[in-house]
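To begin, one chain is listed below as C-alpha cells, in the form predicted on its own.
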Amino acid sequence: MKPIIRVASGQGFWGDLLTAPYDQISRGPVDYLVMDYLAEVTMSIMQKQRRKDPKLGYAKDFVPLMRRLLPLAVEKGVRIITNGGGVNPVGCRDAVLSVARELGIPGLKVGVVLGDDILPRLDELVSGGVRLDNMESGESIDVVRGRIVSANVYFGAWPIVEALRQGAHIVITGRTTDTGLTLAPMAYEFGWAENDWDKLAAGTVAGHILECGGQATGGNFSADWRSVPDLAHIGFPIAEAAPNAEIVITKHEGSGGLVSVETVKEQLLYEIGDPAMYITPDCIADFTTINLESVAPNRVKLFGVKGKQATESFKVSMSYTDGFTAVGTLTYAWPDALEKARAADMILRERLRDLGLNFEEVRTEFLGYDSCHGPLAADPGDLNEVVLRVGVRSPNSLAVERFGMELAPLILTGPPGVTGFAGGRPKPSEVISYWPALIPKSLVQPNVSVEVS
C-alpha cells in the first residue's frame, strides 16, 4: 500500500482549459489524472451526435488531448480516469487505442465502464413496473416518454475500481458521478471496503472539491478574488490522500491560483442541498462534519468526515425534447439607451401579439442593467448603452422562427440609436429539458472490460 497518492483534477467540464491536464502531469508528481466532462444536458448532446454518427457520442476533445498526454503519462506512470466516454465509451476507447498505436505505445490498457445507458431498456423497465417518475415533481414518466432522448444511470466509484484492478492505465466511463472519479483511485490503492462509510465519504468530499477544476483554486472566487495571483496560469487542484482518509488539497508549486480554506469552502458549497445528506451511489457524505485546516501555503487539510450507508437506488439522468427557442439582441446607445430598449421590447411584443403568435415564455433582459439581478436591479441612471436581449420559447417551431423575422425590422421601425444586429436572424433551436428519476440498484449492472493497444 502506498503511503500517499496524488489525484489531480484535469478538467472541470467539457470545454475547460485544455492546457490544464498536461500541466498537471508535467509540472510535478501525480499518480492519477481525473477529468470530468459530463453535465445533465451534455448526455443529450452526445446522444444526438451519436445518432448522426455511430462513432461519436463522447467528448471529442479527449482524443486529441490524449495524443499529447499519453507519452508523458506512460513515462511517468500516471493513470487517467474520465467520464468523457459519454454515451459511447467504446467508441472513445477505440479512438484512444488508435492514437496509442499511432504513437507506438504498445501494451496500453484502456478500460471502459458500460451499463449506465438504459435508453434501450426504458419500455422494458416501465412495463415491468419501474415507474421512473420525476423524483422532484412527482410527474409520471408517461408525460414525456415519447420524447426522451437520453437516459443514463449515475454509477459511482466501484466499476472504476474494478477496471483499475484489471490493470487499466486509462479508464473511460459513461455517466459516472463527478465524485466517483476521485474516490475510485483512493478506494483501489488503499483497499477501502464498500461499507467503510467514513473513508468513502472523505474521498467523496475530495471528489466534490476537485470536480470543478480551477474553481477550487481561486477561479470564480467570490470572496477576495483580487488576492488570487496569476489566474492566467491557474493551477488545478490536487488531492493528496492517505490510507486513513486524511486528505490535503493543494496545487503544483509555482502555478497560479490559490488554495485556501476560503477557496475550498466555496467549492464545497457548490450544488449542495441538505449538507448532512450529500447522496452518491457510493455513500452519503455528511458535509457538516468536514474539518478544514490550512497547514501551509496552498495546502488545506481535510479530515474528520463522517459517512452514512449508501441508498438502495441509483439516480437516473434523463433528457427529453421540450419545444423550441430562439434568442436575439439589439444594442441601443446613449442618450436614453434604457428607455429606447424598453420601448423596442414593447413594440416587438405587440407585433407578436398582432400576428397571433403564442409562446410559453417571452423573456427580456436589458444587458448592462438587469440581466444578472432582474427586478432587484438598482436605477442605473443614463447608461451609455444597453443590449436588448429577447428570447422566446414555444412547442411550435414556426412561431419561434417568425419571432426571428420580427427582430431585424426594429432597426428601421423602432427607436433610434440602434446597432449590434449581426449574424442573421435568430433561428429556432431545440430545447432539451431534464428529467431526474430513481431506479433500484438491483436492476442495473455495470460492465467493465479492458482492451490493450
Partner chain sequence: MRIRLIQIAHARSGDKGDTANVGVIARKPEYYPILLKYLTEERVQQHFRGITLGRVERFTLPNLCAVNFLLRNSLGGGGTKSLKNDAQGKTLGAAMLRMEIDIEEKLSF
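Just so we're clear, the structure is a prediction, and the values are computed from it rather than from any experiment. Positions refer to the first chain, counted from 1.
The same protein also has a form predicted together with the partner chain, omitted here; what follows describes it.
- Residues of just one listed stretch (22-30, 407-415, 384-392, 48-56) have heavy atoms within 4.5 Å of the partner chain in the predicted complex: 384-392.
- Contact check for residue 156: no non-hydrogen atom falls within 4.5 Å of the partner chain in the predicted complex.
- At a distance threshold of 4.5 angstroms between non-hydrogen atoms, residue 41 is in contact with the partner chain in the predicted complex.
- Using a 4.5 angstroms limit between non-hydrogen atoms, residue 325 touches the partner chain in the predicted complex.
- At the 4.5 Å threshold, heavy atoms of residue 289 reach the partner chain in the predicted complex.
- Heavy atoms of every residue among 215, 269 and 274 are located within 4.5 Å of the partner chain in the predicted complex.
- Proximity to the partner chain in the predicted complex, defined as a heavy atom within 4.5 Å, singles out one entry of 126, 347, 367, 357, which is 367.
- When you look in the predicted complex, the only residue of 119, 377, 295, 135 with a non-hydrogen atom within 4.5 Å of the partner chain is 377.
- Residues of 174-189 that come within 4.5 Å of the partner chain in the predicted complex, judged by any heavy atom, do not exist; none qualify.
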